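What follows is a single chain, given as structure tokens, in the form predicted on its own.
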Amino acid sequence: MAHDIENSHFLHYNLRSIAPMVERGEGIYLYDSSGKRYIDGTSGPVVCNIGHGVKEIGEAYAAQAEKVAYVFRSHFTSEPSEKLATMIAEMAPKGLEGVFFVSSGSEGTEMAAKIAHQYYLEQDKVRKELIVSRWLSYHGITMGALSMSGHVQRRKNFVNSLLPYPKIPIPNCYRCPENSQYPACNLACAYRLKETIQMIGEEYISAFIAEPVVGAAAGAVVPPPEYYKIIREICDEFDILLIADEVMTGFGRTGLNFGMEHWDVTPDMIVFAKGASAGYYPLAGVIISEKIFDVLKNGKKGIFSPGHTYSGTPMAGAVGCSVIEYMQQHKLIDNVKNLSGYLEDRLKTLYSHTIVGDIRGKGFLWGIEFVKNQKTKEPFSAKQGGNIADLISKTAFTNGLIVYPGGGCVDGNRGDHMLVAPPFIIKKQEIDKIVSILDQSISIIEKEIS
């Protein structure tokens, strides 16, 4: 088999060079075909929560494949799908009851938008179909999901094809969008939602979607304590649904089952993916509130008919159940809770580097923002040797650590950040190793650009 880019028929991320060939995974480690070992410091793209090579998941996969791998949901239901829906509903905040399965987070956010629209169509509120979202957010790469996203760099080649969904700023206290400071800001960033609704007209808006902790687009931005309670109140005031995009934060990543629980706020829908199957099978979906479920069931036809071929297959159900059972058996969310403070403390030692501007996050989802000047928070320009976070991540990769670089966290174009989001099975000494390699890698790039 060809392993060089010129002979590969596979469309690689980098079309001019080929990545190392992975051989196997074990725990928090990945091994390439030369035998080199890498620490998976971001669980892939915040997916592999339970680590690599878990035999129990493979056994569940094989056992289900021998029985039946696929049925279409309009023909049959299956015991694994029913069981998984129940397990997820039991994990979700009280009041969230119905579960619909798809295959990816992008499909999940689009499905949430469709459910919101159908919810209002059933009530003859036919014009309520716009989704309000936030700049510097990311809800997926398909066209509908990208329309909701505020990730400028990923949107820019498709702007003319995207839906005109309105957006408000993210609640980033390090770079306050109101040029103020918490708490003197009086949470103006949250009240931007009310202002936007009033300007557009509540009769046109079906939902507001937000990541509890802003992930890839801004580097683990955590809002002020009151933020989501204000957002919930505004949504209720104007009869607008609140959608929590928990593709990254769901299934224990922040130390609770779902990220929104940290603020004691219950959304109307939760979109999940990534950690639901921990990378062992394509699995995502939407959890809907009892009030939405009731409206859909008692609607004009009583049919929910999105035509996703791989929605709710027995195989997805079997893998999802096995992953949740493994997390519960090994108390992995407790491990996130117990070690999150240690991870935070160790990461914050990196403030010793003058190019580290902010370190933020929750649980096992942390972001590091890099700046030209620590005191003024001045970001690097795009012309200063390329994306600094990307240079650091490449150096870390050479040194045996995988991290998740990003850009545009300041204004969509400027700003360098990376995510650190290890698997839930990690131990203290492995956290130390991650921080040690990051420390070395930042030092190398810091010297090169000075």
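Residue positions are given as counts along the sequence shown, with the first one as 1. Everything numeric here is computed off the predicted structure, so don't read it as measured data.
Although not depicted, the form predicted in complex with a small molecule is the subject of the following passage.
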{"property": "Option touching the small molecule, based on a heavy atom within 4.5 Å in the predicted complex, out of 248, 276, 288, 368", "result": "248"}
{"property": "One residue of 104, 196, 340, 118 in contact with the small molecule, assessed in the predicted complex (non-hydrogen atom, 4.5 angstroms)", "result": "104"}
{"property": "Partner proximity in the predicted complex: residue 138 to the small molecule, non-hydrogen atom cutoff 4.5 Å", "result": "yes"}
{"property": "Residue 268: touches the small molecule in the predicted complex, heavy atom cutoff 4.5 angstroms", "result": "no"}
{"property": "Region of this chain that lies against the small molecule in the predicted complex, out of 86 to 94, 224 to 232, 104 to 112, 373 to 381 [heavy atom, 4.5 Å]", "result": "104 to 112"}
